[in-house]
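The chain below stands alone, shown as structure tokens; this is the form predicted alone.
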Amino acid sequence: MELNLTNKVVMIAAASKGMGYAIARQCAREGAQVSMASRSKKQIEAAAERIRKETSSHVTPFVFDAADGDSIERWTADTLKTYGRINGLLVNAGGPPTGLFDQFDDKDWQAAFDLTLMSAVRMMRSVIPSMKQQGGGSILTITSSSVKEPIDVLILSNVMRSGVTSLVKSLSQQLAKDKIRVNNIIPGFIDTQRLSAIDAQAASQFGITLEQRREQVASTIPWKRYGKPEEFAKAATFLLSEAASYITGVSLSVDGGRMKTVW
């Protein structure tokens, strides 16, 4: 199947590691020109260099803070200056801290709001004018299974990511006339550093080892294993590409069949 990503410009947020990095790498493999950003200059430059060497695609690293609106605007402006257009955007940011409701105060809620919900608002707002001008584009957000099945220790993420899902659905309706597609992608248990940290916290809470915790989780997945970042990245790259030209407003789960929700 031809994805038609060759020479398309795709912005990938929080791309120095984890799922963001895997998606940037996969897009570059498909011939896209990649603008990838994260908070750490050292990490994003190293990540970009690895992808360039592997794929020979044009990859440019940028430094940004997903919780800072001005930083997002600079990243978008620098991408347009470098490439002249934006065909795709992956909305991504590190998740809020884990914890239960009574562990967080107003500052924690405000920080989660800025990091998760407002980062999505600001990233989308920054690229939509360019996409409208060029006649279309694709926006994809990485959300969480918690938007369908809330996770006890992720109360901040549960609430904020549900807001992002509603934003995506709303914009998919409003931007269809401009040929801009807007979708969510929901990771299940994808084997990343963040998931390892969540597993470690759960293992400590239950008084078991990390390996025992991972075995417990894997047993709840029909495929009996965690997903690989590259498996998730392939699904995300498809949604960003023209191969998904009639798909908008959806939330695609990449979870090995774990979620039982039917909607």
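Residues carry their position along the shown sequence, with the first being 1. This structure is a prediction, so every number in the text was calculated from the model and none was measured.
Here the subject shifts to the form predicted in complex with a small molecule, a form of this protein not shown in this document.
A single residue from the set Ala93, Val168, Ile86, Ala112 has any heavy atom within 4.5 angstroms of the small molecule in the predicted complex; that residue is Ala93. The partner is absent here; in the predicted complex, the one residue of Arg39, Arg29, Arg213, Arg52 having a heavy atom within 4.5 Å of the small molecule is Arg39. Though the partner is left out of this view, Leu239 does not reach within 4.5 Å of the small molecule in the predicted complex, counting heavy atoms only.
Although the partner is absent here, Ala14 sits close enough that one of its heavy atoms falls within 4.5 Å of the small molecule in the predicted complex.
The closest non-hydrogen atom of Gln193 lies within 4.5 Å of the small molecule in the predicted complex.
Contact check for Phe189: a non-hydrogen atom falls within 4.5 Å of the small molecule in the predicted complex. Proximity to the small molecule in the predicted complex, taken as heavy atoms within 4.5 Å, picks out 138-146 from the listed stretches 172-180, 98-106, 138-146, 124-132.
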